[in-house]
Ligand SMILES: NC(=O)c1ccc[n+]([C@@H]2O[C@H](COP(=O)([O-])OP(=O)(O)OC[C@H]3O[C@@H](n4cnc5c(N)ncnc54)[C@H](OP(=O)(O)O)[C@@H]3O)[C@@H](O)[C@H]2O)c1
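As structure tokens, one chain now follows by itself in the form predicted on its own.
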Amino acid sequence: MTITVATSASADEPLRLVELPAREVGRRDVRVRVRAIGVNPVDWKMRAGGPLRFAHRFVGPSGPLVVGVDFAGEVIEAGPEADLPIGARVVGATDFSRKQLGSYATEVVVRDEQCTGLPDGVSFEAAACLPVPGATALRALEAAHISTTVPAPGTRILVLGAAGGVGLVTLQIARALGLEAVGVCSTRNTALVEKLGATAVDYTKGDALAAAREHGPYDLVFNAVGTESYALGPSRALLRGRGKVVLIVVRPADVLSFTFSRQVTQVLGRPSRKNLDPLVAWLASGAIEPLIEARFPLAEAERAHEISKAGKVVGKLLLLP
């Protein structure tokens, strides 16, 4: 048995489809026929070198680099101790630290706890948009001591990069929890941000952080784009009390802030059943409605990466095996 995967040997080599032997299923593993794959910046950053590629080489699986994390599909084989039956519709995420291949494939083998079931009314495409962005959003709220069950009244968050995949999920979770949200975006996305219940700040019309100050102070300033665009000093000035500036992308220049300031931290979304369950519940209820900008065949994964690298994607890109 073989599977088709999208792989590349280096950042300079385009992704291409190859056939690899299928992985064996362990006692608590499930084999999932992949129906939809969410594209995340971490996918192409893994190819580009740096800490992620080093970590993959050090602890990841041997052989060709198969990128990707998010997937949705159907269980087609289950280990004797797995708690998901054959035929179950699931959404989940791969984990290279467990020696697993990435999700850019026709099949994946993961532990049962890395997936959760999908109601019949939730599409594979909608579900595949959620794992990494949703887990990252939840981690950001937790880092800022914001309850994801019963948040304190008047809790206020600022999302920098509100129209990206992580930003849009964060705003929708905030709406579901009754948080007061402000989202920084471009002119073309202000209506979308406001539709999701947030106050929109247009960064093309001047100093976005200065404009956001009028709606603060904030319990969380969630920087989903990096400190090249929004410096830490002005971001920290928008906080109140125990508030946090939470970063996804960290530059070397940010290290001192982590060392000497308790107001700044970084999160990495690691999807698991624990954080996928509430995300799927919100998806099933309509509280989260993923915005899909484009769909590509798995064979066109390289094209999807080029679009993602440009940084102008509103919502999510999907790959369909």
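Note that residue numbering begins at 1 and tracks the sequence as displayed. Everything numeric here is computed off the predicted structure, so don't read it as measured data.
From this point on, the text means the form predicted in complex with the ligand, which you will not see here.
- By the criterion of a heavy atom within 4.5 Å, A211 is excluded from the residues contacting the ligand in the predicted complex.
- In the predicted complex, the ligand stays beyond 4.5 Å of every heavy atom belonging to G73.
- Interface residue remark: G269 is counted as part of the site for the ligand in the predicted complex, having a heavy atom within 4.5 Å.
- For V110, no non-hydrogen atom is located within 4.5 Å of the ligand in the predicted complex, even though that partner is not displayed.
- Taking a 4.5 Å heavy atom cutoff to the ligand in the predicted complex, the contact residue among L220, A174, A127, V132 is V132.
- In terms of contact with the ligand in the predicted complex, the residue from R240, R188, K195, R251 that brings a heavy atom within 4.5 Å is R188.
- Only one of 73-81, 118-126, 132-140, 231-239 lies within 4.5 Å of the ligand in the predicted complex by heavy atoms, and it is 132-140.
- Residue Y203 is the only member of 201-220 with a non-hydrogen atom no more than 4.5 angstroms from the ligand in the predicted complex.
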